[in-house]
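Single chain ahead, by itself, as C-alpha coordinates, in the form predicted on its own.
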(Lines give C-alpha, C1' and ligand atoms only; values in the text may rest on other atoms or scores of the structure.)
Protein backbone atom coordinates (compact mmCIF):
# COMPACT_ATOMS: atom_id res chain seq x y z
CA UNK A 1 0.00 0.00 0.00
CA UNK A 2 1.04 3.59 -0.55
CA UNK A 3 -0.39 7.10 -0.23
CA UNK A 4 -1.45 8.53 -3.59
CA UNK A 5 -3.39 11.75 -4.10
CA UNK A 6 -4.47 11.72 -0.46
CA UNK A 7 -5.68 8.12 -0.67
CA UNK A 8 -4.20 4.91 0.66
CA UNK A 9 -3.87 2.80 -2.47
CA UNK A 10 -2.68 -0.70 -3.38
CA UNK A 11 0.60 -0.71 -5.31
CA UNK A 12 0.38 -4.43 -6.00
CA UNK A 13 -1.43 -7.62 -5.03
CA UNK A 14 0.42 -10.56 -6.65
CA UNK A 15 3.19 -8.45 -8.22
CA UNK A 16 3.36 -5.66 -10.77
CA UNK A 17 4.58 -7.76 -13.72
CA UNK A 18 2.11 -10.56 -13.00
CA UNK A 19 -0.80 -8.10 -12.80
CA UNK A 20 0.41 -6.27 -15.92
CA UNK A 21 0.55 -9.48 -17.96
CA UNK A 22 -2.83 -10.58 -16.59
CA UNK A 23 -4.45 -7.38 -17.88
CA UNK A 24 -2.80 -7.78 -21.28
CA UNK A 25 -3.81 -11.45 -21.63
CA UNK A 26 -6.96 -11.90 -19.50
CA UNK A 27 -8.41 -9.13 -17.33
CA UNK A 28 -7.60 -7.04 -14.29
CA UNK A 29 -9.82 -5.19 -11.84
CA UNK A 30 -8.60 -1.83 -10.51
CA UNK A 31 -10.04 0.17 -7.62
CA UNK A 32 -9.79 3.71 -8.99
CA UNK A 33 -12.17 5.30 -6.50
CA UNK A 34 -9.59 8.03 -5.97
CA UNK A 35 -10.64 9.57 -9.29
CA UNK A 36 -13.02 12.52 -9.03
CA UNK A 37 -16.60 12.69 -10.34
CA UNK A 38 -17.94 16.18 -10.95
CA UNK A 39 -21.38 16.75 -12.48
CA UNK A 40 -21.98 19.89 -14.52
CA UNK A 41 -25.56 20.79 -15.33
CA UNK A 42 -27.87 23.68 -15.99
CA UNK A 43 -29.02 25.91 -18.84
CA UNK A 44 -25.49 27.07 -19.73
CA UNK A 45 -23.69 23.75 -19.13
CA UNK A 46 -22.61 23.38 -22.75
CA UNK A 47 -21.44 26.99 -23.12
CA UNK A 48 -19.50 26.69 -19.87
CA UNK A 49 -17.67 23.55 -20.96
CA UNK A 50 -16.94 25.13 -24.31
CA UNK A 51 -15.15 27.93 -22.47
CA UNK A 52 -12.90 25.78 -20.30
CA UNK A 53 -11.65 23.05 -22.69
CA UNK A 54 -10.22 23.12 -26.25
CA UNK A 55 -12.40 20.20 -27.39
CA UNK A 56 -15.65 21.06 -29.15
CA UNK A 57 -18.21 19.78 -26.66
CA UNK A 58 -21.05 20.88 -28.94
CA UNK A 59 -20.20 17.85 -31.10
CA UNK A 60 -20.45 15.46 -28.14
CA UNK A 61 -23.59 13.39 -28.63
CA UNK A 62 -25.72 12.13 -25.74
CA UNK A 63 -24.15 9.18 -23.87
CA UNK A 64 -20.80 9.76 -25.60
CA UNK A 65 -17.46 10.65 -24.00
CA UNK A 66 -14.46 12.72 -25.06
CA UNK A 67 -10.90 13.09 -23.80
CA UNK A 68 -9.79 16.70 -23.32
CA UNK A 69 -7.69 19.07 -21.26
CA UNK A 70 -8.75 21.69 -18.76
CA UNK A 71 -6.58 24.69 -19.66
CA UNK A 72 -5.37 27.94 -18.14
CA UNK A 73 -5.53 31.24 -20.02
CA UNK A 74 -1.87 30.79 -21.07
CA UNK A 75 -2.55 27.32 -22.51
CA UNK A 76 -1.03 25.38 -19.62
CA UNK A 77 -2.86 22.28 -18.47
CA UNK A 78 -4.88 22.38 -15.24
CA UNK A 79 -5.74 18.68 -15.66
CA UNK A 80 -6.73 16.18 -18.31
CA UNK A 81 -10.31 14.96 -18.24
CA UNK A 82 -12.91 12.69 -19.69
CA UNK A 83 -16.25 14.42 -20.20
CA UNK A 84 -19.44 12.37 -20.61
CA UNK A 85 -22.64 13.80 -22.06
CA UNK A 86 -25.27 12.24 -19.77
CA UNK A 87 -28.09 14.24 -21.38
CA UNK A 88 -28.62 17.61 -23.06
CA UNK A 89 -27.93 19.66 -19.94
CA UNK A 90 -26.01 17.26 -17.68
CA UNK A 91 -22.38 16.26 -18.05
CA UNK A 92 -20.09 14.07 -15.95
CA UNK A 93 -16.46 15.19 -15.69
CA UNK A 94 -13.84 12.69 -14.49
CA UNK A 95 -10.80 14.38 -12.93
CA UNK A 96 -7.53 13.12 -11.48
CA UNK A 97 -7.42 12.38 -7.77
CA UNK A 98 -4.65 14.79 -6.79
CA UNK A 99 -6.38 17.58 -8.71
CA UNK A 100 -9.96 17.33 -7.42
CA UNK A 101 -9.87 20.38 -5.17
CA UNK A 102 -7.84 22.45 -7.65
CA UNK A 103 -10.08 21.46 -10.56
CA UNK A 104 -13.33 22.14 -8.71
CA UNK A 105 -12.08 25.58 -7.62
CA UNK A 106 -11.09 26.34 -11.21
CA UNK A 107 -14.52 25.23 -12.45
CA UNK A 108 -16.28 27.37 -9.86
CA UNK A 109 -14.15 30.40 -10.73
CA UNK A 110 -14.90 30.03 -14.44
CA UNK A 111 -18.59 29.28 -13.85
CA UNK A 112 -19.41 32.76 -12.48
CA UNK A 113 -20.79 34.24 -15.74
CA UNK A 114 -22.84 31.11 -16.53
CA UNK A 115 -26.14 29.64 -15.36
CA UNK A 116 -24.57 26.35 -14.36
CA UNK A 117 -24.22 24.12 -11.30
CA UNK A 118 -20.92 22.42 -10.39
CA UNK A 119 -21.74 19.39 -8.25
CA UNK A 120 -18.64 17.67 -6.87
CA UNK A 121 -19.77 14.11 -6.02
CA UNK A 122 -16.25 12.67 -5.69
CA UNK A 123 -16.78 11.68 -2.06
CA UNK A 124 -20.08 9.94 -2.85
CA UNK A 125 -18.99 7.69 -5.72
CA UNK A 126 -16.53 4.85 -6.13
CA UNK A 127 -15.05 3.72 -9.42
CA UNK A 128 -13.83 0.31 -10.61
CA UNK A 129 -11.94 -0.34 -13.85
CA UNK A 130 -12.33 -3.74 -15.52
CA UNK A 131 -9.65 -3.94 -18.19
CA UNK A 132 -8.39 -6.59 -20.59
CA UNK A 133 -9.44 -8.80 -23.52
CA UNK A 134 -11.80 -10.83 -21.32
CA UNK A 135 -13.58 -7.79 -19.86
CA UNK A 136 -16.59 -8.17 -22.19
CA UNK A 137 -17.10 -11.83 -21.24
CA UNK A 138 -16.75 -11.09 -17.53
CA UNK A 139 -19.29 -8.29 -17.70
CA UNK A 140 -21.69 -10.59 -19.53
CA UNK A 141 -21.16 -13.16 -16.77
CA UNK A 142 -22.18 -10.42 -14.32
CA UNK A 143 -25.50 -10.07 -16.15
CA UNK A 144 -24.77 -7.38 -18.76
CA UNK A 145 -25.60 -8.86 -22.18
CA UNK A 146 -23.00 -8.07 -24.85
CA UNK A 147 -25.66 -6.25 -26.89
CA UNK A 148 -26.31 -3.94 -23.92
CA UNK A 149 -22.65 -3.12 -23.25
CA UNK A 150 -21.61 0.41 -24.29
CA UNK A 151 -19.37 0.91 -27.31
CA UNK A 152 -15.98 2.63 -27.12
CA UNK A 153 -16.12 6.02 -25.34
CA UNK A 154 -19.80 5.65 -24.60
CA UNK A 155 -21.56 5.63 -21.22
CA UNK A 156 -24.84 4.10 -20.11
CA UNK A 157 -26.84 4.02 -16.89
CA UNK A 158 -27.65 0.42 -16.03
CA UNK A 159 -27.66 -2.18 -13.24
CA UNK A 160 -25.15 -4.86 -12.27
CA UNK A 161 -26.70 -7.37 -9.89
CA UNK A 162 -29.45 -4.80 -9.08
CA UNK A 163 -26.82 -2.15 -8.28
CA UNK A 164 -27.29 1.11 -10.25
CA UNK A 165 -24.10 2.09 -12.08
CA UNK A 166 -22.71 4.37 -14.74
CA UNK A 167 -20.99 1.96 -17.14
CA UNK A 168 -18.51 3.40 -19.65
CA UNK A 169 -16.26 1.79 -22.27
CA UNK A 170 -13.12 3.64 -21.27
CA UNK A 171 -9.84 2.92 -19.51
CA UNK A 172 -6.18 3.74 -18.95
CA UNK A 173 -4.40 0.58 -20.07
CA UNK A 174 -4.51 0.43 -23.88
CA UNK A 175 -6.85 -2.57 -23.59
CA UNK A 176 -10.57 -2.96 -24.12
CA UNK A 177 -12.51 -2.54 -20.91
CA UNK A 178 -14.95 -0.64 -18.76
CA UNK A 179 -15.04 1.87 -15.94
CA UNK A 180 -17.89 1.39 -13.48
CA UNK A 181 -19.09 4.22 -11.26
CA UNK A 182 -21.42 3.51 -8.34
CA UNK A 183 -22.31 4.84 -4.91
CA UNK A 184 -19.75 4.04 -2.22
CA UNK A 185 -21.93 1.64 -0.25
CA UNK A 186 -22.37 -0.66 -3.24
CA UNK A 187 -18.74 -0.76 -4.37
CA UNK A 188 -17.25 -3.50 -2.12
CA UNK A 189 -19.93 -6.06 -3.05
CA UNK A 190 -19.57 -5.10 -6.73
CA UNK A 191 -15.79 -5.61 -6.48
CA UNK A 192 -16.32 -9.09 -5.00
CA UNK A 193 -18.94 -9.96 -7.62
CA UNK A 194 -16.73 -9.04 -10.57
CA UNK A 195 -13.77 -10.99 -9.17
CA UNK A 196 -16.02 -14.01 -8.55
CA UNK A 197 -17.69 -13.92 -11.96
CA UNK A 198 -14.35 -13.32 -13.66
CA UNK A 199 -12.45 -16.13 -11.99
CA UNK A 200 -12.93 -18.57 -14.87
CA UNK A 201 -11.71 -15.85 -17.26
CA UNK A 202 -8.41 -15.36 -15.44
CA UNK A 203 -9.19 -12.07 -13.69
CA UNK A 204 -6.96 -10.71 -10.91
CA UNK A 205 -7.04 -7.52 -8.86
CA UNK A 206 -4.43 -5.02 -10.06
CA UNK A 207 -2.78 -2.08 -8.33
CA UNK A 208 -1.15 1.25 -9.09
CA UNK A 209 2.11 -0.33 -10.21
CA UNK A 210 0.53 -2.24 -13.09
CA UNK A 211 -1.72 0.71 -13.90
CA UNK A 212 1.39 2.80 -14.47
CA UNK A 213 3.31 0.25 -16.58
CA UNK A 214 0.21 -0.42 -18.69
CA UNK A 215 -0.50 3.26 -19.37
CA UNK A 216 3.19 3.90 -20.13
CA UNK A 217 3.28 1.16 -22.78
CA UNK A 218 0.16 2.76 -24.28
CA UNK A 219 1.87 6.21 -24.06
CA UNK A 220 -1.04 7.67 -22.10
CA UNK A 221 -0.03 10.84 -20.23
CA UNK A 222 0.07 11.06 -16.45
CA UNK A 223 -0.71 14.43 -14.90
CA UNK A 224 2.19 15.67 -12.80
CA UNK A 225 4.66 13.70 -14.93
CA UNK A 226 3.98 14.12 -18.65
CA UNK A 227 1.60 17.08 -18.47
CA UNK A 228 1.23 19.97 -16.03
CA UNK A 229 0.66 23.71 -15.81
CA UNK A 230 3.94 24.35 -17.65
CA UNK A 231 3.02 22.28 -20.71
CA UNK A 232 0.38 22.89 -23.34
CA UNK A 233 -1.66 20.21 -25.12
CA UNK A 234 0.34 20.87 -28.31
CA UNK A 235 3.70 20.37 -26.59
CA UNK A 236 2.34 17.21 -24.99
CA UNK A 237 1.52 15.63 -28.35
CA UNK A 238 -2.23 16.01 -27.83
CA UNK A 239 -2.86 18.14 -30.92
CA UNK A 240 -5.18 15.39 -32.19
CA UNK A 241 -7.64 16.35 -29.41
CA UNK A 242 -7.84 20.03 -30.44
CA UNK A 243 -10.26 20.93 -33.26
CA UNK A 244 -9.06 23.80 -35.42
CA UNK A 245 -12.59 24.76 -36.45
CA UNK A 246 -14.00 25.40 -32.98
CA UNK A 247 -15.32 28.93 -33.42
CA UNK A 248 -15.97 29.97 -29.82
CA UNK A 249 -13.29 31.21 -27.47
CA UNK A 250 -11.75 29.03 -24.74
CA UNK A 251 -9.04 29.40 -22.12
CA UNK A 252 -5.63 29.37 -23.79
CA UNK A 253 -6.95 29.38 -27.35
CA UNK A 254 -4.56 32.04 -28.68
CA UNK A 255 -1.48 30.21 -27.40
CA UNK A 256 -2.68 26.76 -28.46
CA UNK A 257 -3.67 27.75 -31.99
CA UNK A 258 -0.46 29.74 -32.40
CA UNK A 259 1.60 26.71 -31.41
CA UNK A 260 -0.28 24.51 -33.87
CA UNK A 261 0.40 26.99 -36.64
CA UNK A 262 3.98 28.05 -35.87
CA UNK A 263 5.42 25.23 -33.78
CA UNK A 264 6.65 24.73 -30.23
CA UNK A 265 9.93 25.08 -28.36
CA UNK A 266 9.71 21.65 -26.77
CA UNK A 267 7.91 18.46 -27.69
CA UNK A 268 7.30 15.11 -26.06
CA UNK A 269 8.90 12.00 -27.55
CA UNK A 270 8.95 8.31 -26.82
CA UNK A 271 12.19 6.37 -26.58
CA UNK A 272 13.61 2.90 -25.98
CA UNK A 273 16.85 2.26 -24.16
CA UNK A 274 19.62 0.73 -26.27
CA UNK A 275 21.90 0.15 -23.31
CA UNK A 276 20.87 -1.58 -20.11
CA UNK A 277 19.48 1.17 -17.88
CA UNK A 278 16.05 2.21 -16.60
CA UNK A 279 14.92 5.80 -17.25
CA UNK A 280 12.96 7.51 -14.49
CA UNK A 281 10.94 10.71 -14.11
CA UNK A 282 13.23 13.74 -13.87
CA UNK A 283 16.32 12.17 -15.47
CA UNK A 284 18.09 14.44 -17.97
CA UNK A 285 18.11 13.78 -21.72
CA UNK A 286 21.25 14.55 -23.74
CA UNK A 287 21.92 14.70 -27.48
CA UNK A 288 25.54 14.66 -28.61
CA UNK A 289 26.58 15.28 -25.00
CA UNK A 290 24.43 18.41 -24.74
CA UNK A 291 21.49 18.64 -22.37
CA UNK A 292 18.37 18.59 -24.52
CA UNK A 293 15.47 17.81 -22.20
CA UNK A 294 14.17 15.61 -19.41
CA UNK A 295 12.37 12.33 -18.85
CA UNK A 296 8.75 12.57 -17.73
CA UNK A 297 7.88 8.86 -17.43
CA UNK A 298 9.98 5.75 -17.73
CA UNK A 299 10.43 2.16 -16.65
CA UNK A 300 10.39 -1.47 -17.68
CA UNK A 301 7.76 -2.50 -20.23
CA UNK A 302 6.80 -6.14 -19.54
CA UNK A 303 4.84 -6.66 -22.77
CA UNK A 304 7.81 -5.88 -25.03
CA UNK A 305 10.57 -6.69 -22.51
CA UNK A 306 12.26 -3.31 -23.00
CA UNK A 307 13.11 -0.25 -20.93
CA UNK A 308 11.10 2.68 -22.31
CA UNK A 309 10.28 6.26 -21.54
CA UNK A 310 8.76 9.56 -22.60
CA UNK A 311 10.21 13.00 -22.22
CA UNK A 312 10.41 16.56 -23.51
CA UNK A 313 13.17 17.63 -25.88
CA UNK A 314 14.00 21.15 -27.04
CA UNK A 315 12.96 21.38 -30.69
CA UNK A 316 16.30 22.95 -31.63
CA UNK A 317 17.59 19.35 -31.46
CA UNK A 318 16.90 16.54 -33.92
CA UNK A 319 13.85 14.55 -32.83
CA UNK A 320 13.13 12.30 -35.81
CA UNK A 321 12.31 8.64 -35.28
CA UNK A 322 15.43 6.50 -34.66
CA UNK A 323 17.44 9.57 -33.62
CA UNK A 324 19.95 8.67 -30.94
CA UNK A 325 19.70 10.29 -27.51
CA UNK A 326 21.32 9.65 -24.13
CA UNK A 327 19.76 9.39 -20.69
CA UNK A 328 21.73 10.46 -17.63
CA UNK A 329 21.38 7.67 -15.06
CA UNK A 330 23.39 8.07 -11.84
CA UNK A 331 25.89 10.45 -13.47
CA UNK A 332 26.46 8.22 -16.50
CA UNK A 333 25.02 8.59 -20.01
CA UNK A 334 23.24 5.59 -21.54
CA UNK A 335 22.20 5.36 -25.20
CA UNK A 336 18.57 5.33 -26.29
CA UNK A 337 16.63 5.91 -29.52
CA UNK A 338 13.50 7.92 -30.27
CA UNK A 339 10.66 5.62 -31.32
CA UNK A 340 7.04 5.89 -32.35
CA UNK A 341 4.39 6.08 -29.64
CA UNK A 342 2.53 4.13 -28.37
CA UNK A 343 5.01 1.40 -27.57
CA UNK A 344 2.37 -1.32 -28.01
CA UNK A 345 -0.66 -1.55 -30.26
CA UNK A 346 -3.77 -0.40 -28.44
CA UNK A 347 -6.59 -2.92 -28.48
CA UNK A 348 -9.68 -0.83 -27.87
CA UNK A 349 -12.96 -2.28 -29.10
CA UNK A 350 -14.15 0.58 -31.30
CA UNK A 351 -17.56 -0.85 -32.27
Partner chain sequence: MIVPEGILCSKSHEYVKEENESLYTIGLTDYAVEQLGDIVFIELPEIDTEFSKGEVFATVESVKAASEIYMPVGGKIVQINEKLVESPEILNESPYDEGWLIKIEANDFHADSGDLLEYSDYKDELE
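Numbering follows the first chain given and starts at 1. All values derive from a computational prediction rather than experimental measurement.
Not pictured, yet referred to below: the form predicted in complex with the partner chain.
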> Looking in the model of the complex, is the partner chain within 4.5 Å of a heavy atom from each of 40, 91 and 158?
Replying inline: no
> Do residue 16 and the partner chain come within 4.5 Å of each other in the model of the complex, heavy atoms counted?
Replying inline: yes
> How about residue 337: is it within 4.5 Å of the partner chain in the model of the complex, going by heavy atoms?
Replying inline: no
> Is residue 280 close enough to the partner chain in the model of the complex to count, meaning some heavy atom within 4.5 Å?
Replying inline: yes
>> in the model of the complex, is there a heavy atom of the partner chain that lies within 4.5 Å of any heavy atom of residue 317, even though the partner is absent here?
In response: no
>> To test your reading of this chain, name the stretch in 272-280, 172-180, 118-126, 226-234 whose heavy atoms come within 4.5 Å of the partner chain in the model of the complex.
In response: 272-280
> Given that the partner chain is left out here, which of 67, 26, 286, 300 has a heavy atom within 4.5 Å of it in the model of the complex?
Replying inline: 300
>> Can you pick out, from 85, 213, 134, 71, the residue that has a heavy atom within 4.5 Å of the partner chain in the model of the complex?
In response: 213
